[in-house]
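Take a look at this one chain, the form predicted on its own, written out in structure tokens.
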């Protein structure tokens, strides 16, 4: 699971009001090169919840080069673009868990795929 996906997920257990962002528990992370596309980064940047992104990047060990509060002007800086691209698209959570911040419910991640299925009593 990439941080792009993590940034879009929230906990949908019945009654949960604060199900975003998931906390990440890492067992195994991998890195795979992805095509660098500055236009994609400029397009997706406004849609990213930056604090959730930083939290995920820290947990997955790819926080280096990512500022606390960037603005869109950072997207003109090649160093920032490369750090953002790497954390967003090249680092993958292979094994671990996503943890609901409100309930503590763990959703397993296996082979890079989060299992977000709810138990019957959670629907």
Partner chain sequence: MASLVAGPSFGHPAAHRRTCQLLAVDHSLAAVEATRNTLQAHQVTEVDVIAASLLGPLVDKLRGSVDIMVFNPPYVPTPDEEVERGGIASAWAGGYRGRRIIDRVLQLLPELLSPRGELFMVTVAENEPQGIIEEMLGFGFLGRIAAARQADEEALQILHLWRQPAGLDTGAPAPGQ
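Everything numeric in this text was worked out from a predicted model, so none of it was measured. Numbering follows the first chain given and starts at 1.
Below, we turn to the form predicted in complex with the partner chain, even though it does not appear here.
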Considering 76, 64, 68, 35, which brings a non-hydrogen atom within 4.5 Å of the partner chain in the model of the complex? 35
Using heavy atoms and a 4.5 Å limit, would one call residue 29 a contact residue for the partner chain in the model of the complex? no
Contact flag, residue 103 vs the partner chain in the model of the complex, heavy atom cut 4.5 Å: no
Can you tell me if residue 14 lies within 4.5 angstroms of the partner chain in the model of the complex, counting non-hydrogen atoms only? no
Is there any non-hydrogen atom of residue 80 lying within 4.5 Å of the partner chain in the model of the complex? no
Counting only heavy atoms, which residues in 90-110 are within 4.5 Å of the partner chain in the model of the complex? 92, 94
